[in-house]
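Just the one chain here, laid out as structure tokens, in the form predicted on its own.
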């Protein structure tokens, strides 16, 4: 552990999971994220809302260093997971992404069996000592993703053969299989029909008992349904952050009110 380990840790509650201070993101000369300060708590769903292009997905990708894969992208400021700076050169991004899992907008199962989709992460991270361990991890992950009963008799069938909603739940099972502490979701329901969306929303509510969940959504109704805290982004700025009920019923910034009432966005 380095000397930064306990900076900004909320020792009174012990619930702080991720903290960002003066976070900036640049794409070349473009300043995409400006001075974001936020504390994300454990065992809670935090929603990022805002108009298209406001920076919510860009900031989400900072939390597991996915922006590292973009050559022209530069991140400044400090982002900490459990008090440790995740951009410290000593932090291995691959290990970080095992701790901070991600589910993308479009379901993207690997061209492998259902079993191998879920087993992939535990295999590469050495989380299973033998086949029995792996079987247990796969079953537990599929149960956590509310998919086990639907696929338990066809685990060797291709994951790409599932319905869209099942594929997204398979991707959630794959993300939780490495036993992450944080689960990032980038508009996980935008490609799904209303029934599949309702299933995933119900699942998100269940997952927060084990994980800190951060969801980017274009749907204010979804944010209101699934999250306990909401952050409103606009033009690369974090405008307002607080309890979800307060953000939607009593916003303190006129830009938030304008977005919620449909005047901007």
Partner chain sequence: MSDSTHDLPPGSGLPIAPRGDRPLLTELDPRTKKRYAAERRFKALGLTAVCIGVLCLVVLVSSVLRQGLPAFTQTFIDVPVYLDPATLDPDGNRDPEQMKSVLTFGYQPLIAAGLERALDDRGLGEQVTADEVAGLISRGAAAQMRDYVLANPEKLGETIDFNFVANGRVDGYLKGRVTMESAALDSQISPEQLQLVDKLRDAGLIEKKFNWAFITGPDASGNRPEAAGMGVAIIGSAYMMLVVLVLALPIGVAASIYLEEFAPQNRFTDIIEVNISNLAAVPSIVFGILGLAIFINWAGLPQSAPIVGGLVLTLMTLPTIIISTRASLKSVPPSIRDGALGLGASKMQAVFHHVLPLAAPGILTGTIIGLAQALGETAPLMLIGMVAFVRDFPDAPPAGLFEPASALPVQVYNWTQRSDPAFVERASGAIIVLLIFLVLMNTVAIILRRRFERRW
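Residue numbers count along the first chain shown, from 1. Bear in mind the structure is a predicted one, so any value in this text is a computation, not a measurement.
The same protein also exists as the form predicted together with its partner chain; that form is not shown, yet it is the one meant from here on.
K.L.:
Is there a non-hydrogen atom of residue 149 within 4.5 angstroms of a non-hydrogen atom of its partner chain in the model of the complex?
P.N.:
Output for residue 149 is no: heavy atoms all beyond 4.5 Å of its partner chain.
K.L.:
Answer with yes or no whether residue 91 is in contact with its partner chain in the model of the complex, where contact means some heavy atom within 4.5 Å.
P.N.:
No - in the model of the complex, heavy atoms of residue 91 and its partner chain never come within 4.5 Å of each other.
K.L.:
Is there any non-hydrogen atom of residue 234 lying within 4.5 Å of its partner chain in the model of the complex?
P.N.:
Close contact is absent here: in the model of the complex, residue 234 is far from its partner chain, nothing within 4.5 Å, heavy atoms only.
K.L.:
So, residue 61 and its partner chain: in the model of the complex, are they within 4.5 Å at any heavy atom pair?
P.N.:
Contact check for residue 61: yes, within 4.5 Å of its partner chain in the model of the complex.
K.L.:
Judged by heavy atoms and a 4.5 Å cut-off, are 97, 104 and 178 together in contact with its partner chain in the model of the complex?
P.N.:
Answer is yes for this spot.
K.L.:
If contact means a heavy atom within 4.5 Å, which one of 124 to 132, 188 to 196, 137 to 145, 76 to 84 is the stretch that engages its partner chain in the model of the complex?
P.N.:
It is 124 to 132 that comes within 4.5 Å of the partner.
K.L.:
Given that its partner chain is left out here, which of 221, 209, 52, 69 has a heavy atom within 4.5 Å of it in the model of the complex?
P.N.:
Selected option: 69.
K.L.:
Going by heavy atoms, what in 142 to 177 lies within 4.5 angstroms of its partner chain in the model of the complex?
P.N.:
The stretch touches the partner through 160, 174, 175.
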